[in-house]
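One chain comes next, on its own, written as structure tokens: the form predicted alone.
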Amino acid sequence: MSIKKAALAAAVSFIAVSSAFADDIKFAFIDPLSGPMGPSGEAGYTSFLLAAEHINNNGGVNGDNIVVTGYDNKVNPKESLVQLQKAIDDGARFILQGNGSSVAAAIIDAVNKHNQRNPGDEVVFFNYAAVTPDFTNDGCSFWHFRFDAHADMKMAAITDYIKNQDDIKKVYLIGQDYIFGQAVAAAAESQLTEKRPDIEIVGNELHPLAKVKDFTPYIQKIISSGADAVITGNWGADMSLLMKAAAESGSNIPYFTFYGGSLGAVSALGEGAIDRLYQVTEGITNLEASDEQYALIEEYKTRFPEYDYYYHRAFNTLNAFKAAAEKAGSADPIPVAFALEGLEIPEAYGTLTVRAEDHQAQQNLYISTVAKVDGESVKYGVDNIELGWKLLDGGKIDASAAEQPTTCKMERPAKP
């Protein structure tokens, strides 16, 4: 058994044993656990497993334990619906998913229909990474909560930074060809036009999701365009392979990303990533934090050495669930959903608020770039190399500044 599979098995076994003496609150994790995007799903899955374990070891939720079970969807919407039905049949009433907005869209629709048809057997969807803005705008649902900043929020942070970089006059956009990649491109175009109308968008490229094995032709287009910077929402293997081709090209164009922290992206660029690869996230391991948070980061890396502590929002998601269920005095989906609305919880890097009108989490955002591990400002590396994420000067965006308006007009069930 590989180290990765052994770590997963050990974590699942630990939670199963600990839950033997309490009732189970069943969560279904529906994301890729195999194939090219498997590492992204497994990094999320292990994060939720550890978050659940910590909650269970500290009294659980109203005395009951959280059990997280993984369902491999292969980043396929149709397969995701099959796995969703399996999870519901297995007794799951809370769904976790994040890798792929096309999947999230299918799950939102299916959950809405299930809940309409099955009163008393409702399901709630906790979205930890699918960031198409529509999910908390016109397409909002009472049954959907998002714990990651959406694409417009992340793009606002990136474009606020770029607008002050006078040497950036030409920008190339590259992304994955589905609703998320299209949303990223649209946000970049509109926000750059508003904030820096002098910037020329010299390319707007969309490529198939998880299908491209060699991004060299795309990198050559970027170089030929004369771009001073690239903006991309690529994630998973599409991010690391893009960086591999960028490194092999010898170009030194900076990349502004949503998911530069995807497994293997930094190591693909190596020292070429220093002050060249940027990302916007809800947290990085090298932010000032409590001893408890540092211990959690180190525990995660010890337990799951193939991955980095990347999905901080997984811990925020389950901590918010615990707070809501204890506020409601119930782990049933409808009371929990109402208790989540307007909920504020302290988290390692600030305060997280679940905005009631659209169920979009509001939290601080951070823009970081790659630097050498120095044991001080950059204590933790990534990809098991001596490079890690360092906060830019002025890179903290307070939650109030990161907030974006919503067009959500939510329909709610009757309160229990």
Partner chain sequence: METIVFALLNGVIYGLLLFMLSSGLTLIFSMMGVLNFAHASFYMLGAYFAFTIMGATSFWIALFIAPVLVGLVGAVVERYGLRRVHANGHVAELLFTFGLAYLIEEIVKIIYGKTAVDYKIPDLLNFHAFTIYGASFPAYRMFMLFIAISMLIGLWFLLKKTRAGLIIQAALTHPHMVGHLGHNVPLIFMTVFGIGCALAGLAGVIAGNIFVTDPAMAVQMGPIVFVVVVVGGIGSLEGAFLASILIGLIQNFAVGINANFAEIFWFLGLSPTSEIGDITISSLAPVMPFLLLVLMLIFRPRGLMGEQEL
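Numbering follows the first chain given and starts at 1. Given the structure is predicted, the values throughout are model-derived calculations rather than measurements.
The same protein has a further form, the form predicted in complex with the partner chain, not shown here; the description that follows concerns it.
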Joint contact, Asp275, Tyr300 and Ala371 to the partner chain in the model of the complex, by non-hydrogen atom at 4.5 Å: no
Residue-level contact is defined here as any heavy atom of the residue lying within 4.5 Å of the partner chain in the model of the complex; does Lys113 satisfy this criterion? no
May I ask you to state whether Lys221 is within 4.5 Å of the partner chain in the model of the complex, using heavy atom distances? yes
Answer yes if any heavy atom of Leu206 is within 4.5 Å of a heavy atom of the partner chain in the model of the complex; otherwise answer no. yes
Taking the partner chain as it sits in the model of the complex, is Asp90 in contact with it (heavy atom to heavy atom, 4.5 Å or less)? no
Have a look at Asp198, Glu248, Glu344, Asp138 for me and say which one sits with a heavy atom within 4.5 Å of the partner chain in the model of the complex. Glu248
Contact with the partner chain in the model of the complex, heavy atom within 4.5 Å, among Asp214, Asp166, Glu292, Asp121 goes to Asp214
Select, from the options 81-89, 146-154, 275-283, 303-311, the stretch whose residues sit within 4.5 angstroms of the partner chain in the model of the complex by heavy atom distance. 303-311
Can you name the residues of 121-160 that have a heavy atom within 4.5 Å of the partner chain in the model of the complex? none
